[in-house]
Structure formats: C-alpha cells, structure tokens
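In the form predicted on its own, a lone chain appears below as structure tokens.
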Amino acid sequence: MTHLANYLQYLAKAEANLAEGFRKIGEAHADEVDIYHTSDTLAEQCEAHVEKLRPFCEEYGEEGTAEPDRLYHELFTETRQGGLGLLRDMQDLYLMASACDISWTMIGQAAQGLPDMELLEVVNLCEAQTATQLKWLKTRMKQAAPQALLVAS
C-alpha cells in the first residue's frame, strides 16, 4: 500500500468536513442571503468531490486517517454570531479549503508520476473548483472586513 492511499482518504474526509462546514456557516448566517445560497452550492461541490475520490480510495486502498477530523472539530465547535463572527467562521472555512487545495496539488503530482490519467482528470477538475471556493471566501471576507472590524458592536 502506498502513502497515496493515505492522502486520498485524508482528502475525502477533508472535503466531507468542508462540505459540513459550508452548510453550518450557511445556516448560522442565513440572514446573509448570499452566504446561505453560495455555501449550499459549495457544500454540494465538496460532496461531489468526495464521490469522485471514492473509486480511487478503493483502488489504492483505504488507509484511514483522523487528521481532517481534528482540524474540523478544532475549528467548528460552534459558529459565531454577528459580522465579526461571520468573518471568523469564513476564515476557518478558508483554512479548511486551503488544506484541501494543497492536498489536490500533492495527489495531482502523484497521479502524474504513476501515471494515472483518470485520477489526474479528477484532480484537475476538483482543484479548479477548490481554487474558486478559496477565491469566493477571500472576496467575501474582504467585503465583510471593514464593517466587522471598524464598527463597534
């Protein structure tokens, strides 16, 4: 069994946790309509990533890892309220999405080295979607930051 199995399983769990995080943030900040709807769409994307990874996890072996769960449980004990809470919750999502992003990169490198063109195709699609998720989070945090950081609560 290769270490690729470990990373595939890590990424599948990290994507599942990211989906749950997007859903929690969307529900907690439902008064921000764009957050609610976009978070739901991005959660569905993450869930699709998990499904796309499943055959590769089975092919390369399912070597379990709890690391993504530690990150998720550390960041998402509860959501926060208000503008500052939204900013911090989105920052947590950004950290989780970044972990997924770099994992896609590393798995892509392994797929090239094998070569496994099917895995590489999945990596290219999902890595691009994860990059878009990160861009949306960063843009939305930039939008929220002035109000959240400069206006007294």
Partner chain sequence: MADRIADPWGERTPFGREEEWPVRVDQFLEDGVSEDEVDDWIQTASILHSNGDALDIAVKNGRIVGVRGRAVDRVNRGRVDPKDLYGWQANNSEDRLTKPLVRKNGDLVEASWDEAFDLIVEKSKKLLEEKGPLAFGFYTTGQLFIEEYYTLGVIGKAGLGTPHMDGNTRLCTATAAAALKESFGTDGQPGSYADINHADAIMHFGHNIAETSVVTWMRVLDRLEGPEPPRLIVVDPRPTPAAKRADVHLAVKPGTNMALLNAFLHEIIENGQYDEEYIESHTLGFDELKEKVAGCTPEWAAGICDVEAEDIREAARILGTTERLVTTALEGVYQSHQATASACQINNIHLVRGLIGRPGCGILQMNGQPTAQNTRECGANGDLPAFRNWDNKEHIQQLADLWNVERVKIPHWAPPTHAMQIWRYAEQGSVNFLWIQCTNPAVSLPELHRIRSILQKENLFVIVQDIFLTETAQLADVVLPAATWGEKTGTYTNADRTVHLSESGVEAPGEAKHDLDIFLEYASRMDFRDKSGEPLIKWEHPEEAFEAWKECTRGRPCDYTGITYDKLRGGSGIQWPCNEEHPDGKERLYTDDVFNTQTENCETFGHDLLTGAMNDEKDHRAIAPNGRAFLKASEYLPAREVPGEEYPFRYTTGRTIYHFHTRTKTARAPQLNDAAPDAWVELHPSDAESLGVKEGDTVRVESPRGGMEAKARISGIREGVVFAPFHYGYFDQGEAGGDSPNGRAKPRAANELTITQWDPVSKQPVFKVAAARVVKVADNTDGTPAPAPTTTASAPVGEAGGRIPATAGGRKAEAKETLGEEA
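Residue numbers count along the first chain shown, from 1. The structure displayed is predicted, hence computed values, not measured ones.
Not on display, but discussed next: the form predicted together with its partner chain.
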### Message
Looking at 127, 116, 47, 40 here, can you tell me which has any non-hydrogen atom within 4.5 angstroms of its partner chain in the model of the complex?
### Response
40
### Message
Is residue 34 near its partner chain? Define near as a heavy atom within 4.5 Å, in the model of the complex.
### Response
yes
### residue 2: touches its partner chain in the model of the complex, heavy atom cutoff 4.5 angstroms
no
#### Entry: Interface membership of residue 140, its partner chain in the model of the complex, 4.5 Å heavy atom rule
yes
### Query
Closest heavy atom of residue 144 to its partner chain in the model of the complex, within 4.5 Å or not?
yes
### Query
Okay, which stretch from 53-61, 25-33, 88-96, 101-109 lines its partner chain in the model of the complex, with non-hydrogen atoms inside 4.5 Å?
25-33
### Query
Taking its partner chain in the model of the complex, which residues of 99-136 have any heavy atom within 4.5 Å of it?
132, 135, 136
